[in-house]
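A single chain, nothing else alongside it, follows as structure tokens in the form predicted on its own.
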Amino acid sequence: MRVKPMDTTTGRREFLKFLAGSPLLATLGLPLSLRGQYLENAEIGEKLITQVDEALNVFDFERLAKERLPPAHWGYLASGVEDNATLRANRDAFKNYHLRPRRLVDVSSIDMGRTLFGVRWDSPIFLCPVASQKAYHPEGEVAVARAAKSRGHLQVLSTGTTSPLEDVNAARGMPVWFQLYTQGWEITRSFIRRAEDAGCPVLVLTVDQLRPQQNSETQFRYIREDTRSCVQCHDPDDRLKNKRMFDNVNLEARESDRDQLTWDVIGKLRELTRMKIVLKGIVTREDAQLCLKYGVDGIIVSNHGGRAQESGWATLDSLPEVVEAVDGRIPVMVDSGFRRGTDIFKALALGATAVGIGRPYLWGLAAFGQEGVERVLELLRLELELAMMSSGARTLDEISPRSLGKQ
């Protein structure tokens, strides 16, 4: 008996149809380090959202932002450094903890309010400083400020803002906190004077990024995919042209001095300003103790979202030792890798005073402008509220280490 040859045409066609609908295909152009991150959030056959209220979580905005932004702009936003190990560690750390639900607690009224330096905020979620926000939306930092105002959130403005500080304050309806990158003492002094004149109550000195240009491999790979001319966004002869804090500043005095800073900088800043001083980028108990010694007013535990150095150490894992060293004497805030309300809950349970987000609100900004930022904040607050309810915590003070279990 002759065996009929197998018809492979139909099988091949079906396989290609399967592959076309698979999230694996969408990752073929991505570096290996980012494929797992994409697959974690992708759903087979899921379409991009078209309206802001269709978003079910912040990752819906991430996918749309990637679609809408030029490759170079997306690459800057998505990149960590080197192998993106620290970027991934920030996300993986949340898997090491689980919530411990409590039952039969009256959680009909949830209060997420938090007081920082005498100001009460509706939520412990704050907006981290991120440079060049007009790269993601024409209204940039002003749109973010309007969203922060409408939802009652603290906003921290970057030295690299593409909107004038004064315009951001006007849109926010109150002075924002100002994040400082030192640029040599003459220019640094002018930044501080301008922030103080604008009424900014807190100066946030970033101490974890020693050089402006890191080995951001993912960013550089995306730049290679961008067919546009850079002069569409940047003046090659004036890279600071769109950075509004540098308006009317003597650029000849600009210095790259971040790698020269020591703890003496705190005293120098005290001589220049009455603003509260917060250090952003502290991750060890030793440095937390030095913050107390030198009279720092607050700490932001941060690794720059995995963009500063390839430590491989998540901020959620470094948070407890900083909290222990400080022992309640100054606020300890945290950022880097927060994407869910349960992520925020876990940081609060480990002792954080407040929790910052960066990339998620920029995804919302790139996708829908102010409305996108507002929806991101709304989703995170809803998720945090649900986590508090399931854990029997009616206020932030009722969230404690007992609210968590270790995997």
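These numbers were taken from a predicted model, which means no experiment stands behind them. Numbering starts at 1 and runs along the sequence shown.
Only in words, not in the display: the form predicted together with a small molecule, which the text now covers.
(message) Looking at heavy atoms inside 4.5 Å, which stretch does the small molecule contact in the predicted bound form, given the options 345-353, 61-69, 358-366, 374-382?
(response) Careful reading of the contacts points to 358-366.
(request) Please run the contact check for residue 110 against the small molecule in the predicted bound form: heavy atoms, 4.5 angstroms, yes or no? (result) Output for residue 110 is no: heavy atoms all beyond 4.5 Å of the small molecule.
(request) May I ask you to state whether residue 77 is within 4.5 Å of the small molecule in the predicted bound form, using heavy atom distances? (result) Flag for residue 77 set to yes.
(message) My question is simply whether residue 246 lines the interface with the small molecule in the predicted bound form - judged by any non-hydrogen atom within 4.5 Å.
(response) Residue-level check for residue 246: no, no contact with the small molecule.
(request) Decide whether residue 309 counts as a contact residue for the small molecule in the predicted bound form under a heavy atom distance cut-off of 4.5 Å. (result) Heavy-atom contact with the small molecule at 4.5 Å: absent for residue 309.
(request) Answer with one of 218, 155, 179, 318: the residue that has a non-hydrogen atom within 4.5 Å of the small molecule in the predicted bound form. (result) So the residue touching the small molecule in the predicted bound form, by this definition, is 179.
(request) Counting non-hydrogen atoms within 4.5 angstroms of the small molecule in the predicted bound form, say which of 162, 188, 169, 206 makes the cut. (result) Contact residue from the list: 206.
(message) Between the small molecule and 105, 392 and 401, in the predicted bound form, does every residue show a non-hydrogen atom at 4.5 Å or closer?
(response) No, none of 105, 392 and 401 comes within 4.5 Å of the small molecule in the predicted bound form.
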